[in-house]
Every structure is written in structure tokens, then in C-alpha cells.
Ligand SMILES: Cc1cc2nc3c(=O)[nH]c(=O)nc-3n(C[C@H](O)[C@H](O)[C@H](O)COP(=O)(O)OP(=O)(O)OC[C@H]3O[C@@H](n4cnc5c(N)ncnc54)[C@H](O)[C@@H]3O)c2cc1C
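Before any questions on how it binds or moves, here is one chain, the form predicted alone, in C-alpha cells.
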Amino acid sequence: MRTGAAYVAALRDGRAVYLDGERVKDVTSHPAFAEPIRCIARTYDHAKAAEADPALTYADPATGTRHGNMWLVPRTAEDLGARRRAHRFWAEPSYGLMGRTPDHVASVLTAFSAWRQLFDRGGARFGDHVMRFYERARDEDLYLAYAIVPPQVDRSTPAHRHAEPFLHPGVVRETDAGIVVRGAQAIATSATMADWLFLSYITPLAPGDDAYAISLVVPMNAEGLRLYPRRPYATAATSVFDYPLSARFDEVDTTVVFNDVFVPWEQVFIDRNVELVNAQFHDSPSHTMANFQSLVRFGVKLEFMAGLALRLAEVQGADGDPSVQATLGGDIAALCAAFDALAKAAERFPLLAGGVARPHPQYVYAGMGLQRRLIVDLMRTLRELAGGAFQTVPSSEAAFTSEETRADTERYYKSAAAPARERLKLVRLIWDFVGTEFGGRQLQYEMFYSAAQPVVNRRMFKSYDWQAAKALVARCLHEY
């Protein structure tokens, strides 16, 4: 298992990251990326320190080498429990705010390795490619991001019918050694701080899209690969006190551009096969395993939100108010407990198929469907509990350090239950969660990272046990 220092060193690989029109020389030291990279590095160190812990790692039966549980192919509910602990381990350092930590795409790769027969359908060599890269990623503890959603150029037209070809990534030519890829993919969250990129499509491809029907991996410093991050929030954060979340946990969504990137055959999992690309996430355990990680991570965020709400009530001296307690219980605790139950049900009642224990889709998709509603409701509840607190804060932490303003700040910004600095530190934290640009991105991410609501609802429709429900109705109808 790798150390944090090894992870950081690997990022100094000459990758082409462009911010504000200029190439970033070193992402590990640039203020836009340094803090989230530091968070990941610390977690790698904690994982390394826990290498012998059977609660977080497993031993390879062939070699005895221990690997993190994010690489464990689940065969039982107990294995899913081991994966849940690994996901929580990676989510807690950022309080669930970083959705694409290394364990997310590790879930995708692990699921692919467990279902290599899908890739064998394109030729046994492609199944071999999947297995070899999975083993490499596992052994080196690699951090992968993925780019699987095309830009919003023209969603009404298949890729092969666009006026300009290869706006979406596709194969422009083939050589004996590999393929050459051109085009762009959107929303590659955390790409600037990952080791490798997995490129494919989760949006369904249409007949005729063969040139675009690819599934592959490339290192982030591949020649011709360019990364264009959105504006990072850390660069606008004046201090950690004023922006405690923006300054530390922005994983930075990124557009990736392939300018004729050469991809060796051994890094290709699917080559120009529409059927297999459309099947890879849902026929394999990939989609449910990746979104099981998302449920566990979101559960950590819910706990954080519950803690914020209670602490705010305490600082305001309102935690004994029956109406506030009713809000905390009914609008926060009940929702958090219900979501926690869904994640644990997905683990404890797996769908067993092909020797793999998939988190039960019924509970995974129920959680995904509720997730976007919960985040809206809980953020609104936090705003209601805060009331006018967000409007009555000094302009910055400098109010406490200035000789001219310190006395007034400490006298008039306190509450009966907390001194001014403690109260304002909490209020700033909550505002960064619900009100800043970082908070707005958190809301948008949770609402749309998986798919549009109708897509999630249709997955739920297909996963629910309608036959059992119909059987109850049939029995009732036949009783009289």
C-alpha cells in the first residue's frame, strides 16, 4: 500500500492542467489543488498505517499481500461490510464532501474484474487487459478518476451524426500497437489529483456510434491529454476560518480533452462495440458497487449535517426548545436514520449472481432517488435554524485581529452559550456548506451526479420487487 508522499510525488508527472489559460506547473503546490491533494495524501498515510488491520484490508489468497478493502471482490454480505468500512474510511476525512475519492473508481474496476466475461465477449484479450490493469491498480493502490459523460453539445443527436465528428471521444485511427482517441468528455471530477483516467460512456450510445464505443484507461500525463478544471473555490478562499470547506475539500470538476491521444492495446477494455459499452456498467456489478460507495459517503455527509444542526442549536441556546427538538428529530434525524438503513440493507441483503455479492439494487437505487431530495431538505433546514445568523457576521477573521475592531467583535457577536469566535467559526462553517459557491456545487453535485431524476426513478422501477407486491394483491382478490 502506498504512502501519502509516494502519491504526491506521482502527481508531479508533467500532466497538462490548464487554469485561467495557463498551464499549471505543479498541481501539488498550486493553491487551487494543494489542500485537497493533502487531504488524500493524509488518508493514504492512514491507510498505510492500518495495512495489517483486518477491518480495513484483506490478504490476497495467492500471495498473502494485504490490500485495501476498496479492491476486494465481494462474495458475501460480510465482504460488502468490509467494503462499507473502507468507503467510510475514505469519506470521513472530508466529512463526505469529496465524492470521488480513490475508492469510487476502484469500485468500478473491481466490479469489472469480477465480471471479466463481459469484456471477453469482445475478445479474450480484452478480458485479460481488464484483469491485468485491475491487478496493477490494486497492487500500486492507484487513484483513478473517470470521464464517462460527454459535453452538452447536442444531446438530441447521436455522436456519429454531429456536424463536427469527434466532439465526443472516439477512435480516429488504429495502429498495430493501439488506438488514437480524439474528443472531449465532461465532469471528470478529481482528475487533476488522480493518477489515471478511465474513459468511457455511461450515457447510452446509439447504433452507428461504433467509433465512440470505447472503454479504456490512460495515465493523466498521456501525451495529448489536456485537463481544463472549472474555477477552483480554494483560490477565492481568503482564509480557512472564513471558508473552512472551500479552502480544503474542493475536488475540482474537470473537462478532459483528448487531442489524438495514443492508447496502447493493453489499456483498452472495449474497442468500438456499442453493445458492450452500453452493458458494462449494468450487466456487471459496477453500477451498484460504485453507487454503494456513494451511499456510504453521503451517509457520512448526513451525519456531518446533523452535527452542524445540533451544534448550531446549542450555540444559539435553543437546543432545549421543543419546537427546535421537533425540527432536529423530524426533519434531520429521521431522514438520516432512514438513509442509513437503506445503505445497510443494500449491504446485508445482497443480490448474489455469478459468485459476486452485489449491493442490492432495490436499496441502492432507493437511496439514490432519495438523496437529491434529502440534500435540498436538509440544507433548507440548516438555513431555517440559522435564521439571520449568516447576515450578521463580520467581513472576515481580521475582525478578531484588528486592534480597532476586536473588542466590539468579541462583545457583540457572542451568544449566551458561546464566545464570539466560537460562534462565528460555526456560522462560517455552516454558510460555507449551504451558501457559498462551494455549497452550491455540493447541492448540484448531490442532485445530479448519478443521473437526472427520471433516469434514477426508472432504475428504481426495474429494481423493485413488484411481483411480491402483486402477489399480495392477487391473494387478497382470491380470498373472496
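Source: prediction; values computed, not measured. We number the residues from 1 along the sequence you see.
There is another form of this protein, the form predicted together with the ligand, and it is not shown here; the text below is about that form.
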Checklist entry - Any chance residue 55 has a heavy atom within 4.5 Å of the ligand in the model of the complex? => result no
Checklist entry - Hey, in the model of the complex, is residue 62 touching the ligand, heavy atoms inside 4.5 Å? => result no
Next on the checklist: Can you tell me whether residue 31 touches the ligand? I mean in the model of the complex, with a 4.5 angstroms heavy atom cut-off.
Outcome noted: no
Next on the checklist: Even though the partner isn't displayed, in the model of the complex is residue 253 close enough to the ligand, meaning a heavy atom within 4.5 Å?
Outcome noted: yes
Checklist entry - Does every residue of 39, 231 and 243 put a non-hydrogen atom within 4.5 angstroms of the ligand in the model of the complex? => result no
Item to check | Region of this chain that lies against the ligand in the model of the complex, out of 109-117, 333-341, 349-357, 148-156 [heavy atom, 4.5 Å] | outcome: 148-156
Checklist entry - the ligand isn't shown here, but in the model of the complex which of 267, 189, 294, 94 has a heavy atom within 4.5 Å of it? => result 189
Next on the checklist: I need to confirm a contact call. Of 49, 451, 417, 429, which residue comes within 4.5 Å of the ligand in the model of the complex, counting heavy atoms only?
Outcome noted: 451
